[in-house]
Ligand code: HEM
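There is one chain below, alone, in structure tokens, taken in the form predicted alone.
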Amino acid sequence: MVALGATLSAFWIVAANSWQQTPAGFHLMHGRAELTDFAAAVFNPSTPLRFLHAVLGSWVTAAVFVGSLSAYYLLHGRHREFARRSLRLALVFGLVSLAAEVVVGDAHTRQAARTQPEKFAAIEVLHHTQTGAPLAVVGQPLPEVLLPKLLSFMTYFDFNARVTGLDAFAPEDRPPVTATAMSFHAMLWLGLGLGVVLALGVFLWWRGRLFVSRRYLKVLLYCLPIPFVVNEVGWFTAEVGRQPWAVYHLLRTEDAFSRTVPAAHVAVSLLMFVVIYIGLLGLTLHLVRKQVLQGPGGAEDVQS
């Protein structure tokens, strides 16, 4: 029930954010957006893929967490049988979830090309509208590495398709290119790096060396924070790439302020949230550390 409640809560959060990205199911009345179709608003063009993307990201995070914890136990010679079982499960579940994440993420990026072309152009560092658009393997501020025509093919399955670039939009309507591109490519390459680590673990399992390769177990242990970083930079891409709009093509961020709540009140509320969440983070880390040191229930496993 707890998992179901958390999933439903996550869905509504994602749906609300997605409406800001691709608003639907409303009409404007005297300068206000009024709901006309609840289902269309909730299931707007980006909600389904964005929700799947978020859920799969949480699954990958959980799998890496379990795998890293299992590696920690094996490296320290504790709870060996438990660690072996959980590590095998984590590798398979994590690799399958990450493969699904790549598929959904690719579909979500192509959806952004249709519904938020400014964001897509910034993500792909495409300055000029062109046919046979190249794919930027890395982007600003690093020197661009371009693969000819691959962006057109990956977006429209046509090597000669026309892809809209940043030059199609007024400068004031373009998102921050460097921040958007850097966060997107960080998400992409860190995620693919995790995939390599998980796939290597499955390979070592097949070769019968998974539980004795201390070098691999250390690498997996150090991967613990990576999925958390990937999730955060992914959201950074989504929100910074939406700029300069608070609600896409409806409300600019510079106009999205309250006329009745003073800025000082907003600053105090923000500070309180920061303090509370830092406290919750500290408490969470303390409880997780305590549980890890205590280990799973039952007696300590003997070495086998």
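In this text, residue numbers run from 1 along the sequence as written. What you see is a predicted model, and the numbers here were worked out from it, not measured in a lab.
Here the subject shifts to the form predicted in complex with the ligand, a form of this protein not shown in this document.
K.L.:
Exactly one of L146, V102, A168, A199 has a non-hydrogen atom within 4.5 Å of the ligand in the predicted bound form; which residue is it?
P.N.:
Spelling it out, the residue with a heavy atom inside the cut-off is V102.
K.L.:
To verify the annotation, which of these, R78, R174, H108, R88, has a non-hydrogen atom within 4.5 Å of the ligand in the predicted bound form?
P.N.:
Result of the distance check: H108.
K.L.:
Flag F184 as yes or no: does it have a non-hydrogen atom within 4.5 angstroms of any non-hydrogen atom of the ligand in the predicted bound form?
P.N.:
Output for F184 is yes: heavy atoms within 4.5 Å of the ligand.
K.L.:
Given that the ligand is not shown alongside this chain, does V92 nevertheless sit within 4.5 Å of it in the predicted bound form, heavy atom to heavy atom?
P.N.:
V92: no contact with the ligand in the predicted bound form.
K.L.:
Given that the partner is absent here, does T155 sit within 4.5 Å of the ligand in the predicted bound form, heavy atoms only?
P.N.:
No, T155 stays farther than 4.5 Å from the ligand in the predicted bound form.
K.L.:
S70 versus the ligand, in the predicted bound form: is there a non-hydrogen atom within 4.5 Å?
P.N.:
No - in the predicted bound form, heavy atoms of S70 and the ligand never come within 4.5 Å of each other.
K.L.:
Just to confirm the contact call: exactly one of 127 to 135, 203 to 211, 158 to 166, 229 to 237 touches the ligand in the predicted bound form at a 4.5 Å heavy atom cutoff, so which is it?
P.N.:
Among the candidates, contact is made by 229 to 237.
K.L.:
Determine the residues of 164 to 196 with a heavy atom within 4.5 Å of the ligand in the predicted bound form and present them in sequence order; the list may be empty.
P.N.:
Read in sequence order, the residues that approach the ligand (within 4.5 Å, in the predicted bound form) are F184, M187, L188, G191, L192.
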